[in-house]
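Considered here are two forms of the same protein chain, supplied as structure tokens in two stand-alone entries, structure 1 and structure 2.
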Structure 1
């Protein structure tokens, strides 16, 4: 499906079924509006005529906008040309690629199509969504983009992968049920439903149905979205595959993870389960809750195995953590005993949470800026809170209620460590590291 241009660079079009798949949504919207109008007293005949008239218009628009959408790979950039009336040409620098996702909604899967999303830093949603491509084309394009982003030749075959963790369905379902919120919700639902049946008060359905509509999706949605969650390691980076109805295959190249958080909700702690969340610069905006999960549930051992792949030659468990002064109990009566932070020469680690335990891990070279803050109460107690600012995401690393003088020392140490780490950071085109002879080391 490539078209030769005058410049000789082949242009590509999206899959010809794209307008159909997108038009389907438009058609559903029109049908929904039309049904509402029916209550407004419009006759059925006019309604059907209106719907029938909208079909060729939608089809024509879909066809034209498909005709006008091209993409091509031009050296180190992906170019995307869209728009019928307002033309837009966008260039995405492949060396700045933060992640590549292949998303397949249910309808697209039936038709054998997939959407390819290039995630770059900045912007709320995916900056260059290619929807839709045929599945093999999406796979091939992903491999080519990653090869180019890595600084390899575009013909390089897709890198092999090794599965690190696979989350069994049983574990996933159990983990979703083992939540204080879900348990309370389910208990409330059962009690209300039982009362309703016993008393035969069927009007109570007005309570039961909304309650069920909040509690049940809270369990089902994560299970559907993280179904068959597979985390694999490859030279291209980490590969995540998950989803039952809508499947998603994410690739996060090496060095793109800005910060990690290990979360252990209260009821998971006796079983040593945890969830791992990450900040990736491209994964912000409305879908961040779904895309920023590196492991929805796993044992701590598995999580540390993954951590060792993400941060090679860092042993997070060996980083010495230091607690906070006794005075902190006045500002944080429950959490102060757990609150701790520490750093080695590669990462900064902070831990918090008496009930829901959270551990933040930030590589020094990913720290954007460092802050200390102090409120009036902290000032009287000679405490201060340290914040590490990283790219937007679920992880917001802080070390709260440190001794004030120590906090400043930590900030200065972090700034130094970050400076040194940035100097030694690996290049953005991650494979260049292997292809070039090592640079003679300067200084230090």
Structure 2
């Protein structure tokens, strides 16, 4: 829907059902606050009157907010106009576009709507969330933004894709149950519930309910979030789709993955399972946490298949890793034998964890800074820990408890390798065709 023009370019409004969704949020917040006041001595009649009065207020807020929100694509920028009393005009440079995600919360899905979230280099949050558009409009606008960001014609269709990994529901549920914390929590819950039932000590519900509210979400929340998880490869990057109540379609563009971590919990290793986490440039805050999982669970073979797409021509398994000195046992008596680190001309790799095995992989050109730290005991033992800093995310690469002289030598070597790698790196752009063709589907 066009509403006005700037230099002949029309502005557009969001979907007409947007006021309903925005107003619903206000109504839900008021209802939640009113419910809490039931314990504060306020009569039910006054609470119901307050909730009823919030309905027209919520409707008016939703309509006015929608009425004064416009957007348009003006050359190489996305313009967004918002605000009633205080007008705000934002310009998002498409050449700094890092990611474009299509998010569909449950209520929006029922109404056939979707939210478009844009992540821009240097931003602290989603720069210009467009909530809400119809699902076809959101997909079409996303394709146009990606095409313009790549310097292509705005009518360029979305690039084709090839599925790399699809995580079955059975595997996802099993992986959550095979967690030491979850298994201990479930065992404690069953024991307490059994004692309560056998002894008819119903006052123990005060322990059972909080325990259940802790353990059950630990299993259900990841399953809901990663339901029907699909990872596909395309010329514009890796595409991730997942979610049951809230679905998310995310594209991780080429070269924006700054670091990777392969995680193998204790009970997963016998089944050859792992999880792959990543730091992605452009995401920050809450979005960084929601978009940091590249694979919630997969076999090691599937994980290395994806790794070869992220880092072409890199064979992580062939990188020589070197352990830590015998003195490290005094600092880390459980895990010192597993600690190892090494590098080749493309990546730095660090491994740690006897029970929860973690392997960090960082391309040299993605390293932002390198530093060495020493604790009091490390100084006495002539040990040091090397840290590699990348963009925000769960992966914080470290090579712990190295010989102090070796750690400083590793720092010098990494600085030199990072300098050479950045000098040889090609410019990054959306829709940059990879040299290798997409792999066929695996992990089904």
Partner chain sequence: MTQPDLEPFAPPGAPWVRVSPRLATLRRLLLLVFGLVIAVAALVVGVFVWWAGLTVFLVGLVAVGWMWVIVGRAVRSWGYAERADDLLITRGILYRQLVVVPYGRMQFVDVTAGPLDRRFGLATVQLHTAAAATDAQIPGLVPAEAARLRDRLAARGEASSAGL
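Just so it is clear, the model here is predicted, and its values are computed rather than measured. Residue numbers count along the first chain shown, from 1. Superpose the two forms; the largest set of C-alphas matching within 1.5 Å is the rigid core.
- Structure 2 derives from the form predicted on its own, whereas structure 1 comes from the other one.
- Superposition on the rigid core between structures 1 and 2 places the CA atom of residue 150 2 Å or more away from its counterpart.
- Once you line up the core between structures 1 and 2, the Cα of residue 415 stays within less than 2 Å of where it was.
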